[in-house]
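Here's a solo chain for you in structure tokens, the form predicted alone.
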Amino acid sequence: MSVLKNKRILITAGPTREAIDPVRYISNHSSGKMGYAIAEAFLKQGAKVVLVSGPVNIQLQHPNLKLIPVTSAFEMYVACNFHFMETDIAIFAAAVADYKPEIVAEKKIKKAGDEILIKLVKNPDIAFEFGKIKRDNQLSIGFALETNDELINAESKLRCKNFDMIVLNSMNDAYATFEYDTNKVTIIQKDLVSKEFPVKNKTEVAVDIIKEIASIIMQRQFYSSQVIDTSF
């Protein structure tokens, strides 16, 4: 996959944490394993990777890797904003919290009464925001983790966020999604052609994903070479 050599890659990975008070937060079960596996696969192909990572327990080092640790969705958005315009391929693999507490308590919230109400406000939709400014020569790849109507929801996300490709996985599949070392994905292209893969180790899934990305790049190169100048 020499077409990936020296490509500039932006990847988001892992969860975000949205603070409630100094000791509590809202988050999810994402381990970051898929995003890190994709980063490693690109590095093996000679790409230059910026990895914007939420809090995870994974180590990855490489001369062509720039690792940017973040905590919240807003921090992830800001970090991506510094690098997106110079990126050839952006992969939004992080499990970003859609909402955050409107007010973060300065001190630990003490137990009082039977209920506590926390008002949540919307976080920036990172992939959506960058989808609005994506250049024609950039590739944007998203992920969709679904619990129902999987293909319908993934295809809707593909269109809404201006992705060139989306990787779908389902909570209904065994040995897939959060925390597992394996995953089962369906890759959907912009023309809605889909390809389903069996359960594999996430390192193998990462290779499948970057092969599909390389295929898109090669198709674009082929079609651009076929353009005939008819001006006279």
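Sequential numbering from 1, following the sequence displayed. From a predicted model like this one, the values you see are computed outputs, not experimental measurements.
The form predicted together with ligand C5P exists for this protein as well; it is not shown, and the discussion that follows is about that form.
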property: Ligand C5P contact at residue 163 in the predicted complex, heavy atom, 4.5 Å; result: yes
property: Residue contact check: residue 79 to ligand C5P in the predicted complex, 4.5 Å heavy atom; result: no
property: Partner proximity in the predicted complex: residue 150 to ligand C5P, non-hydrogen atom cutoff 4.5 Å; result: no
property: Residue 131: touches ligand C5P in the predicted complex, heavy atom cutoff 4.5 angstroms; result: no
property: Interface residue in the predicted complex among 155, 88, 125, 75, criterion: non-hydrogen atom within 4.5 angstroms of ligand C5P; result: 125
property: Sequence-ordered residues of 186 to 216 touching ligand C5P in the predicted complex, heavy atom within 4.5 Å; result: none
